[in-house]
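What follows is one chain in structure tokens, specifically the form predicted on its own.
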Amino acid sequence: MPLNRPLIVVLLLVLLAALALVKRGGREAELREGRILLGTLVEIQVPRGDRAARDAVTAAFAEMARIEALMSPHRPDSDVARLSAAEESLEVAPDTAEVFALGLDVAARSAGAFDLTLGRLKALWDLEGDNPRVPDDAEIAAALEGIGPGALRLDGRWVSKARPDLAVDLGGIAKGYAIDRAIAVLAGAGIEQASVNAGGDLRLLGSRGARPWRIGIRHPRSAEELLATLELSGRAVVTSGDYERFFEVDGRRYHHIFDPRSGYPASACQSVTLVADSAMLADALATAVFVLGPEKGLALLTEFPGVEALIVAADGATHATPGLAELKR
């Protein structure tokens, strides 16, 4: 059951040229730098290549690495790993508390479609490891015991668990937060235009020169085909898709976005693309909408003004929020 990882070749090729200055008319006009962080290729693009821009990009990558160290479940000294090992509660870093605050809000408002307590379930399926498998029903039922929005409580910086064996996973929200923090660092350094792209999830700072950034949304069943091209400035775009990490058994696709109600990969959508002002919010909502499906997912988004969506349902039909049309070009 080999895990499909179509990004690996691309990641390696791009990493060989991690720092590139695009020159126009003999002068440094654009800075692009890529690094492997958060389990994917992160690329930062700034439409200027001076020393101040390079220093700002270096600082932005350092900030993303700091967030990864705080929130990765694979690092034993991270807040997430320590919380999963804790008997009841743990005081976490301010950044981690901020992520929990939004994550628990989206979890409650989506009736648990977004869930921060799927650590045991994800470990069971091992979709990020070398030997993914389909667990049996008894294993899945055991992994789902005690999970849900009510299983965690946040009080200031203290996170409490309802049961000792609860395992936390911030995989559906931490990357978005890291992207937001990178943009904040760039803006704080005086950068007015930039993009931070983490494996296709991105946030934009300002515009690209005198024009908006043009963002292509790929078709979930054809990597060479675009569903839409959006023109955006200063916004975030995040996509959750069943084509990102998956394996197949007997012709059935098992992917990494789980439905907390069943313990199996969610089956209502092929992909969900969210446009929001925050990559963290877009990250969490994209997962929730993917689990809920088009009808309930669009209903959820009415609670979040300014958030737009493009959804490809399981049958291939497309659905969108009314405001998305204004962003298409």
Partner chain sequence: MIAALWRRMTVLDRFIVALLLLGVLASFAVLGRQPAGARVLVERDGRLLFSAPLGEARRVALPGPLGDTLLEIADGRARILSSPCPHKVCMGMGGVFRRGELIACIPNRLIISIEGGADQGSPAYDLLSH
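Numbering follows the first chain given and starts at 1. Quick caveat: nothing in here was measured; it's all calculated off a predicted structure.
Not pictured, yet referred to below: the form predicted in complex with the partner chain.
Contact with the partner chain, judged by heavy atoms within 4.5 Å in the model of the complex, is confined among 71-79, 104-112, 151-159, 192-200 to 192-200.
A heavy atom within 4.5 Å of the partner chain in the model of the complex is found for exactly one of Leu166, Ala123, Ile217, Ile140: Ile217. Comment: the partner chain is not present in this chain, but in the model of the complex one of Phe100, Phe258, Trp213, Tyr177 has a heavy atom within 4.5 Å of it, namely Trp213. Proximity of Glu63 to the partner chain in the model of the complex falls outside the 4.5 Å heavy atom cutoff. Not displayed here, the partner chain is approached by Thr229 to within 4.5 Å at the level of heavy atoms in the model of the complex. For the chain shown alone, Leu41 is a contact residue for the partner chain in the model of the complex, at least one non-hydrogen atom being within 4.5 angstroms. Mapping the unseen interface onto this chain, Thr287 falls outside it, with no heavy atom inside 4.5 Å of the partner chain in the model of the complex. Residues Glu128, Gly129, Asp130 are the ones in 112-133 with at least one heavy atom within 4.5 Å of the partner chain in the model of the complex, listed in sequence order.
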